[in-house]
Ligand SMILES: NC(=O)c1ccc[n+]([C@@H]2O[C@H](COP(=O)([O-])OP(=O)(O)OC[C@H]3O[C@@H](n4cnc5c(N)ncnc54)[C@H](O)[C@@H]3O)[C@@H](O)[C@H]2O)c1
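Shown here is one chain on its own, the form predicted alone, set out as structure tokens.
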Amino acid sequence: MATRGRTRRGDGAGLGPRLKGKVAFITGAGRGMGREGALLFAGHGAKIVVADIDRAAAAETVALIKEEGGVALATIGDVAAEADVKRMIAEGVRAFGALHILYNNAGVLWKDRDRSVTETEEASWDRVIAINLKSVFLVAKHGIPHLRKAGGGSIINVGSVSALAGFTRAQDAYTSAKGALISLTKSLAIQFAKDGIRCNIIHPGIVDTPMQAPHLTAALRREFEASIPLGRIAHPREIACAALFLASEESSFMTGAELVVDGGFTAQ
């Protein structure tokens, strides 16, 4: 599958279709890292259930996948609402007959509302936790039974370097949710290993996505670039490539693992 208008960095195209015959449920797939993951997974043979709260964005991702010869379905709902998650997963299984990959990509980064614990409103805290953490619980709850029926599968959670280090620009709800995801990832990995279900977590550094764009002034971009040993901010596809590895059989002996993709930031 071609990737028109996007920078391709190590997408493993030379290895052939790595997800042939698989069905992937990807949350927050309407834009950013989720869209890149959906396009990349589809390019490697997976059928994609594009789950997003934004109907237009989800439809655009599906159109891009189909335009490049892939197979995808848009399903719309709030990943923090159990009825929506249950319905979206059911729609995907009904359309494609099975489910093999759960890619928990959906998240929010509200730098204007999610700050230090002394500044954050309770409603903002609850919503950030719901979208970034509760959603993973709900997708696992309703998705794992289908992975079991399929004989196993892969769960990929998206954490953050914010879970691994403190920052003076506090985002305490986001940080707490991503930290909790590490523990949940390990618990799921141990619980369901006997079913052939693996669960791993990716910790991206700062990524050039639509979610980050409103906050990335030229000065702040330079500051971030100076703090990263590789000297630049990540491209969404670079995170998607890590997810592709975890979704594929190439990572068949990995579960409960944390994969840090941050340009060396946390190695300092």
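Quantities reported herein were computed from a predicted structural model and do not represent experimental measurements. Start at 1 and count along the sequence shown; that's the residue number.
The protein also exists as the form predicted together with this ligand; that form is not presented, and the subsequent description refers to it.
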### Message
Please determine whether Val108 contacts this ligand in the predicted bound form, using a 4.5 Å cut-off between heavy atoms.
### Response
yes
### Query
With a 4.5 Å heavy atom cut-off, would you call Ala38 a contact of this ligand in the predicted bound form?
no
### Task
Tell me, yes or no, whether Gly153 is in contact with this ligand in the predicted bound form, where a contact means a heavy atom of each within 4.5 Å.
no
#### Entry: Asp54 within 4.5 Å of this ligand in the predicted bound form, heavy atoms
yes
### Query
When this ligand is placed as it is in the predicted bound form, which of 157-165, 184-192, 143-151, 118-126 ends up with heavy atoms within 4.5 Å of it?
157-165
### Query
Does every residue of Pro17, Phe25 and Gly70 put a non-hydrogen atom within 4.5 angstroms of this ligand in the predicted bound form?
no
### Query
So which of Cys199, Ile48, Ala243, Met33 gets a non-hydrogen atom within 4.5 Å of this ligand in the predicted bound form?
Met33
### Summary
Heavy atom within 4.5 Å of this ligand in the predicted bound form, from candidates Leu138, Ile131, Leu99, Ala173, belongs to Ile131
### Message
With this ligand taken in the predicted bound form, which residues across 204-220 come within 4.5 angstroms through any non-hydrogen atom?
### Response
Pro204, Gly205, Ile206, Val207, Thr209, Pro210, Met211, Gln212
